Ligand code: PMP
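Just the one chain here, laid out as structure tokens, in the form predicted alone.
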Amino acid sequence: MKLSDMASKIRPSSTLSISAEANRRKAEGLDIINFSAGEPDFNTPENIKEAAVRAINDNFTKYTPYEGIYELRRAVADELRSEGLEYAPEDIVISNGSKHALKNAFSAIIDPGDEVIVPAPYWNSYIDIINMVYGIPVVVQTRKQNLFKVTVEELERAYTPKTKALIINSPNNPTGMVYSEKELRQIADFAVEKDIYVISDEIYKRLIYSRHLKHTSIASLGEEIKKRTIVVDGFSKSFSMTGWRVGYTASEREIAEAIANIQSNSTSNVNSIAQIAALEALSGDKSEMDDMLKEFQHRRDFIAQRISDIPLLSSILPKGAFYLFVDVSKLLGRSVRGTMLENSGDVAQILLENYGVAVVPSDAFGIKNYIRISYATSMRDIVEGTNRIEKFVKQNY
């Protein structure tokens, strides 16, 4: 008996695997600082949890429409309208998290052999999701000098007659970089000229720290690009609702109907209680979310300065999300504790095994010589974890 070719291509999520290993070591009693998880350490806000409890007590426990309850789709449309995006509730499909939303989106537009341009560094699941729908990922290496943001010139070089779509993630995981409106307009012009789709992953859009930047959705930059864009978002990051598994797509009606049909025959509706919780997240009090944003910014400012003070390490100040992308290239080419450090994976392994710090090596994101540090953890862990990283560098260099 043989598994399918597709199954043999799909890898476990690198970030989740590293986080699971860190948690396993913690469970064994080891002192581990986990900088690998892309998961806020805050509890889900009280008003959201209370809305879910009320839904249970009200017996809101039956099937819902597979595209999501109308009230939630309307709330999503209202929020998007406040950002300059005109979508009707019928253009919204509620999914089981943003990862599922991405799978739905690619399933709706990709035929076997279609190419999808993926700027690197990228969130590691993009490649596997494209493979799952029999598309071909075409990775474009961005440059540090351009803050790891893809340019039209790079897109032009990657484009072929088989190109069907392009994925944009702003704010970006793993770099924390945010595309400006000017940069997005150039990409939009390219997509319209080539007549390709854009998947716009906006899961971190509420987590932007610069006063000089605001979130801009590429779909808001004109009717022609809006027709070609599928907006993907969710509730996991900004509302600290990772376990609730609620995401969504917003798109033109024809695409939305295709996505809804795909979902109806795969997962049916999202958990009914979680939908009520998500509705409260959008329509209820957001003061706890505002407090989370302030705390994330405080952590970002601290950890970015702390890493910059450590010899041989450098990073670019992230403008959004909750990750620091650290250049470790100056650590490579040396033997540490009997191991030759040849890549970022070796650095990550030494940090975990000998210093009790879990980070994600950048090979998971399609680029070499970096590690990703998540500051979605307590200040105590940030202080202790950066102290351990400094100890590693100063002991061995």
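In this text the structure is predicted, and so the values were computed from the model without any measurement. Residues carry their position along the shown sequence, with the first being 1.
Here the subject shifts to the form predicted together with the named molecule, a form of this protein not shown in this document.
Taking the partner from the other structure, the named molecule in the model of the complex has a heavy atom within 4.5 Å of a heavy atom of Lys237. Contact check for Thr229: every heavy atom lies farther than 4.5 Å from the named molecule in the model of the complex. When contacts are judged by a 4.5 Å heavy atom cut-off, Arg306 does not count as touching the named molecule in the model of the complex.
With a 4.5 Å cutoff on heavy atoms, Phe148 does not count as touching the named molecule in the model of the complex; it lies far away. Taken together, the three residues Gly97, Asn169 and Tyr204 all come within 4.5 Å of the named molecule in the model of the complex, as judged by their closest heavy atom.
Proximity to the named molecule in the model of the complex, taken as heavy atoms within 4.5 Å, picks out 229-237 from the listed stretches 72-80, 249-257, 229-237, 185-193. Proximity to the named molecule in the model of the complex, defined as a heavy atom within 4.5 Å, holds among Ile130, Met292, Leu102, Ala281 only for Leu102. This chain lacks the partner; the member of Tyr197, Phe106, Tyr179, Tyr323 within 4.5 angstroms of the named molecule in the model of the complex by a non-hydrogen atom is Tyr323. The partner is not shown here, but in the model of the complex the stretch 245-279 reaches within 4.5 angstroms of the named molecule through a heavy atom at Arg245 alone.
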